[in-house]
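First, one chain by itself: the form predicted alone, in structure tokens.
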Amino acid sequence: MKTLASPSFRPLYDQIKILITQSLIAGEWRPGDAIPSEIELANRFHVSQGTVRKAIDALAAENILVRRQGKGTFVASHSQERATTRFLRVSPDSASGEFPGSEFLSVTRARAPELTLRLLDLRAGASIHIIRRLLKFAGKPAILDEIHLPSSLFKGLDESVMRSHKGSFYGYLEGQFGITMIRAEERIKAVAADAVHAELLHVQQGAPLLCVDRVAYTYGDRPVEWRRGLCVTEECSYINEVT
């Protein structure tokens, strides 16, 4: 994976933030692991404990680290309950808090199209895994996903293991391949359902759908996933918190 640029010429706490992130990229601490205490990190980096605390606060604000009162600071993981729906912005209007059921339709391997090459910073001719799945609330299709993953990062992706995984999809990628999604960028627009999408989503052809294009990033701000979700919004809404 790419390493971050030299932390020189930055505020001291930001330099420590970069150094901690570089340790995460190198795999020194895995998702769910406790990181060393603030005092230990201060000694390691030869800075004050306050500087380390400020760096950790910044990483916690970005959901990269998680503070647990009386227990320490841990690397955020998609296996944690609070994280399983952090990237899922479509929710039933009933506000049931229901986690959607997942039905995998196909898993194939192909050369990446131009858009995926550009968004994931891949070389021409790069191979990708293409995953198509339906997400359902109360058994009704709500989201049709097409997910593109670089084959070089997800070697040996096992369709049977993926289908049997009960948690979040990002939790599966984290557990099987050690790649954690820490942030995402989304673009949203309205589209009309074509014949194929209408059949899978149980709507009329031409029905309005919400199209959500997402690029997800891991440590070091490296893009590792592109997906397009087509969402039925008759009984669901896209929810976003603006702060």
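Being a predicted model, the structure only gives us computed values, none of them experimental. In case it trips you up, residue 1 is the first one in the sequence shown, and so on.
This protein has a second form, the form predicted in complex with another copy of the chain, left out of what is shown; the following refers to that one.
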So, in the predicted complex, is residue 22 in contact with another copy of the chain at a 4.5 angstroms heavy atom limit? no
Going by a heavy atom distance of 4.5 Å, is residue 185 a contact of another copy of the chain in the predicted complex? yes
Answer yes if any heavy atom of residue 60 is within 4.5 Å of a heavy atom of another copy of the chain in the predicted complex; otherwise answer no. no
Contact between residue 50 and another copy of the chain in the predicted complex at 4.5 Å, heavy atoms? no
Given another copy of the chain in the predicted complex, answer whether the residues 208, 237 and 242 all have a heavy atom inside 4.5 Å of it. yes
For another copy of the chain in the predicted complex, the stretch among 177-185, 25-33, 195-203, 39-47 with residues bearing a heavy atom within 4.5 Å is 177-185
Sole residue of 104, 87, 99, 74 within 4.5 Å of another copy of the chain in the predicted complex, by heavy atom: 87
